[in-house]
Ligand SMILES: NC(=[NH2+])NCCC[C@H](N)C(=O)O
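Just the one chain here, the form predicted on its own, laid out as structure tokens.
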Amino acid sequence: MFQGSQSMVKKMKTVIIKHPHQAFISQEHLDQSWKTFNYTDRPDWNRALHEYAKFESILREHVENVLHLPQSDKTGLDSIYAHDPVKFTSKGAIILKSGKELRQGEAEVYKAFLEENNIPILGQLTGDALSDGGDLVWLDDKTLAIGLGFRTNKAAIAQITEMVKDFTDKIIVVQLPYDRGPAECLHLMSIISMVDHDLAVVYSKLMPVFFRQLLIDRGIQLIEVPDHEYENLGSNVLALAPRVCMVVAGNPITKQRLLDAGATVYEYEGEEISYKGTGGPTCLTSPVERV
């Protein structure tokens, strides 16, 4: 029976990912596409496969069901970041429509995959509504924070609010800063990762004052990420279970602060699969069920 997920931190039971074989396809494909998708540099195919093997091995140690999205000519390099085309609720998936036009083909491929695997679909964005899964953060199973920025607009927030109104008590709209502009990817999850019900990794410099204070008022301990580690995706932390998490290697200060807070921390090398496409472990995974 489908159990769904309205948590970012409960023990992950089922997750959807997309392997480089299906997203990056080959070195030739990477050579042709990386600039189009605004990667910071050309990914190395063989190293990407090596990095992903380690990343997936950590997942499989902790997650009962690991599902793989298929290759499709409707998707590009960014489809390796399986988190963004959908957001899961206790009642099923919300099929989104990315604010990055090059990613909009991912939604229909994802929808067909969910139908083939008998995973319930709650609804789908329509019309002018745009949203990425990285802008939707469950603070608890009744509270959803949504980032309003370049990837998620007001029309999407209105439609998502309507879809979840019967089983969600509060929607918190968080206005995201301009930062580096529309070409860069700034999600709400770029500046906050829930690691436990009362623990979050944050980059406060890009966080609205009201939202940071709201987290503190909710009794959530904040682990601050240094500037240089924010650039290394240090604030992108995936909870596999409460205080059991995965990070990209190369963020020793953030890692130590997590350890000091009682967390267990797993690392993977992410130069090719994370840094160059600006997507950390939360981006690489779409948790379907947490229990």
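Computed from a predicted model, the values in this text were never measured in an experiment. One rule holds for the numbers: they count along the sequence shown, beginning at 1.
Form predicted in complex with the ligand: not shown, discussed below.
Chemist: Would the ligand, positioned as it is in the model of the complex and superimposed via the C-alphas around its site, fit into this form without 3 or more of its atoms falling within 2.4 Å of the backbone or C-beta atoms? Open or blocked?
Modeler: Result: open.
Chemist: Choose from 112-120, 179-187, 142-150, 205-213 the stretch whose residues reach within 4.5 Å of the ligand in the model of the complex, heavy atoms counted.
Modeler: Looking at the other structure, the answer is 179-187.
Chemist: So the ligand isn't shown here. In the model of the complex, which residue out of 9, 23, 15, 283 has a non-hydrogen atom within 4.5 Å of it?
Modeler: Among 9, 23, 15, 283, a heavy atom within 4.5 Å of the ligand in the model of the complex occurs only for 283.
Chemist: Under a 4.5 Å heavy atom criterion, is residue 97 part of the interface with the ligand in the model of the complex?
Modeler: Residue 97 lies outside the contact set for the ligand.
Chemist: Any chance residue 279 has a heavy atom within 4.5 Å of the ligand in the model of the complex?
Modeler: Residue 279: yes, in contact with the ligand in the model of the complex.
Chemist: Please run the contact check for residue 39 against the ligand in the model of the complex: heavy atoms, 4.5 angstroms, yes or no?
Modeler: The answer is yes: residue 39 has a heavy atom within 4.5 Å of the ligand.
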